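Take a look at this one chain, the form predicted on its own, written out in structure tokens.
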């Protein structure tokens, strides 16, 4: 799951828009941009942020600079437990050719000290879009933790791991919002085929415009 391998697999599967959302980190997003550009894929920088409640939020940014500035705010707020590579795997930071630059020692799957409200505020301060991840899953989803997607959060979009339970969950929760189906891939084989799409205005075409339109669509 290095940036170049992710971009290569996404290209084989026909994807044209791809987000990298490592747990609590954007540090591989610069390499991801290089890799996606080599394959003609529009890269979106982001992270899967874990709140103090142990809820996963997808966070996406229109620019790499905004993502890296946000990352600098998050890293000190992760519970400081050292990674054990023999259990959790290596946490490498690489360049666009997957050459090792450094190894992240803090275990990135830990929660941060940000509650959901504080996380949303911080994301929006840095110009990003934020929405609850995989609300259909029994672990780390907002419904699993809180029992609902509170209306007070005013999310414009929510993510499903798959759409099998989408209609039931939307009806039960009274949600009327954009629904995204993302692969949440932790290995190359789980990257989705190009089955789902969003209509985004891209004229005059640039990858920066596509990213900006995506964030505008998904923002609260």
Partner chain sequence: MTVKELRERLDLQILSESDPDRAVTGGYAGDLLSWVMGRAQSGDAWVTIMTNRNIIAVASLADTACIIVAEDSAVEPDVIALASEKEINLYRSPLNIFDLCCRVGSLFDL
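Everything numeric here is computed off the predicted structure, so don't read it as measured data. Residue numbers count along the first chain shown, from 1.
As for the form predicted in complex with its partner chain, it is not shown, yet the points below apply to it.
Colleague: Is there a non-hydrogen atom of residue 53 within 4.5 angstroms of a non-hydrogen atom of its partner chain in the predicted complex?
Modeller: Looking in the predicted complex, residue contacts with its partner chain include residue 53, since a heavy atom lies within 4.5 Å.
Colleague: Should residue 176 be counted as a contact of its partner chain in the predicted complex, where contact means heavy atoms within 4.5 Å?
Modeller: No, residue 176 sits far enough from its partner chain in the predicted complex that none of its heavy atoms falls within 4.5 Å.
Colleague: Is residue 76 close to its partner chain in the predicted complex, meaning a heavy atom pair under 4.5 Å apart or at it?
Modeller: Residue-level check for residue 76: no, no contact with its partner chain.
Colleague: Is there a heavy atom of residue 121 no more than 4.5 Å from a heavy atom of its partner chain in the predicted complex?
Modeller: No.
Colleague: Contact check in the predicted complex: 115, 143 and 150 versus its partner chain, with a cutoff of 4.5 Å between any heavy atoms. Do all three pass?
Modeller: So, yes: the whole triplet contacts its partner chain.
Colleague: Determine which one of 56-64, 177-185, 30-38, 151-159 lies within 4.5 Å of its partner chain in the predicted complex, judging by heavy atom distances; exactly one does.
Modeller: Only one stretch qualifies here: 151-159.
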